[in-house]
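One chain is shown next in structure tokens, namely the form predicted alone.
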């Protein structure tokens, strides 16, 4: 049984590099323990754990055990330090002055007690492997197998700051990238041996694919809009744009439209029972209809969803009412 753990610190929303670690542990582990490494009060932020849990839930990363909080296991760490007979090991502090355990001691004790068989983490932790093995040996416990993966760097090849565009799960979500697209991107990376550069363009392409693959009800729920306007959302590049498309359909702006013949011909075609908006638009264009004027009449905007999609999303009587109001 491959037992793994994902062990973020409660510092707020997940960095995409940590999200990659979470996805890898879920994919490669048969049992996943979620551990919150919160022994350093200086790094913890209010609401940090809740933000982490929300990000994992949004990404669809489910854990089998936890969350286990290291702040609640002080006795176990003190007992291990007493077993070692000192507060320092190989020049590394094990217990702080206030008695709280440092990362190295707490991590090794937990991995041993919870029988973690594989530790899957970023290359930035590779220098810790030798120390952790020595700590396991000193404590008489069996070390797990350590697997390190490449980091996600910025486009410039440097460490990706949380403030950088697209560097956190929260920033991608606020941009309107569907969770399925972020998860797909992280799955595509696999277990990278070397560092990789964050590819926002790829994530955005995957967002278009994810929106296209959603069922109507799923897309309406993801965008937070009524199901009847979903046809107008299909060309959106992200969920923010999808919500804007819905607003264009549901809340038209006022616009001056001077194309009475187009409005009359549209009303005639659309009221005769024809159900295919594409066919109606083809016929309207064939007789010289002004499709831009029709868009203005229906939405009050020069741009937005494809015109046939606007017609598909609007109730027939509402589309006719808007066209007649433009006469």
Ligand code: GLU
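Worth saying up front: this structure is predicted, and the values here are computed from it rather than measured. Numbering follows the first chain given and starts at 1.
The protein also exists as the form predicted in complex with glutamic acid; that form is not presented, and the subsequent description refers to it.
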property	result
Stretch in contact in the model of the complex with glutamic acid, which is absent here, among 121-129, 78-86, 222-230, 171-179 (heavy atoms within 4.5 Å)	121-129
Contact label in the model of the complex: residue 103 to glutamic acid, heavy atom within 4.5 Å	yes
Contact label in the model of the complex: residue 37 to glutamic acid, heavy atom within 4.5 Å	yes
Contact flag, residue 107 vs glutamic acid in the model of the complex, heavy atom cut 4.5 Å	yes
Non-hydrogen atom contact residue 4 with glutamic acid in the model of the complex at 4.5 angstroms	no
